[in-house]
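The chain below stands alone, shown as structure tokens; this is the form predicted on its own.
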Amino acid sequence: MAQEIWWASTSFWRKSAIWVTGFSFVVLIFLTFDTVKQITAGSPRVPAYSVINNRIDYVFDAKRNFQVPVIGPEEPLFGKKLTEEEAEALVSHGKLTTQAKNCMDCHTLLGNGAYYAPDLTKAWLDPSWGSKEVREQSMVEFLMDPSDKLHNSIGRRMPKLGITEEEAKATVAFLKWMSSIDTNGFPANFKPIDQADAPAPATAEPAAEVGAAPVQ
């Protein structure tokens, strides 16, 4: 009887499957912990919630060859500077509001969701709100009742979702915070709102310097 070739034996492939599975499991654990570290608020790519106290711009980075968020001077949301805890509570409330109102049924957040309506990753910087001086109030009014707003009268329309003023302000805070996340240039070819009075930054300020807090 011919001797079985070692690489064709059942024993060899059984042991190989066990080793490959074990190695893949270890790699998966490592990647999971590394991913959590990378997406935690207060990390280099995901600013702490208190970033809503600052101006956020989106500028072209020649070295990386795409646009990146830049944390600018102090510019508190709704004119009130918040502590890290207050900012976290407000942003978390906004995030829960987007979930409760099923925003992802139509919109995408960071590229995830439905593609019926625009991606909201950089919605805070969208020029359609008008000037940056009226942006906050325009966004709140739109969220509370979009039915009679100019940029909701053409094409796909957003329904009135019964969003309260408190929920609308929290949602705006969530959108402002989300616009500060470094998404490697996503969405591409996005033209941010004009903030011409902002001093031209030399380099992007590391988001981790703003503070740190865990993502909810």
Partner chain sequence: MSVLGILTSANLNGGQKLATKYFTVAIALFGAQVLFGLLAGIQYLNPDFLYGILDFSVNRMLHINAMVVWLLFGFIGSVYWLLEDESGAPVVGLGLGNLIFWVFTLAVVVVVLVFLLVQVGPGELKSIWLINEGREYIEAPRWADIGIVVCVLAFFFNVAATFAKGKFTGIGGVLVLDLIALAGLYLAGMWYTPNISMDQHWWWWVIHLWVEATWEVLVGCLMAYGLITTMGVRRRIVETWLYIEVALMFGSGILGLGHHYFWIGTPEYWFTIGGFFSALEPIPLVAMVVHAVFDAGHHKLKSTNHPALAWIIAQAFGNFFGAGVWGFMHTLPQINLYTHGTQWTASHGHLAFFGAYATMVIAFLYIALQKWRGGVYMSSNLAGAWKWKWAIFLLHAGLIAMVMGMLIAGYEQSQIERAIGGSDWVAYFAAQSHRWFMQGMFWRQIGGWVFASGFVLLAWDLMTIGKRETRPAVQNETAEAAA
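A quick note: this is a predicted structure, and the numbers were derived from the prediction, not measured. Positions refer to the first chain, counted from 1.
Beyond the structure shown, there is the form predicted in complex with the partner chain, which is absent from this document and is the topic of what follows.
Although the partner is absent from this view, residue 128 contacts the partner chain in the predicted bound form, with a non-hydrogen atom inside 4.5 angstroms. Of the heavy atoms in residue 34, some are within 4.5 Å of the partner chain in the predicted bound form. None of the heavy atoms of residue 134 is located within 4.5 Å of the partner chain in the predicted bound form. Taking the partner from the other structure, the partner chain in the predicted bound form has a heavy atom within 4.5 Å of a heavy atom of residue 105.
Between the partner chain and the residues 172, 48, 178, 56, the one pair within 4.5 Å by heavy atoms in the predicted bound form involves 178.
Within 4.5 angstroms of the partner chain in the predicted bound form, the stretch 99 to 120 places a non-hydrogen atom from each of 99, 100, 101, 102, 104, 105, 106, 108, 109, 110, 111, 112, 113, 114, 115, 116, 117, 118, taken in sequence order.
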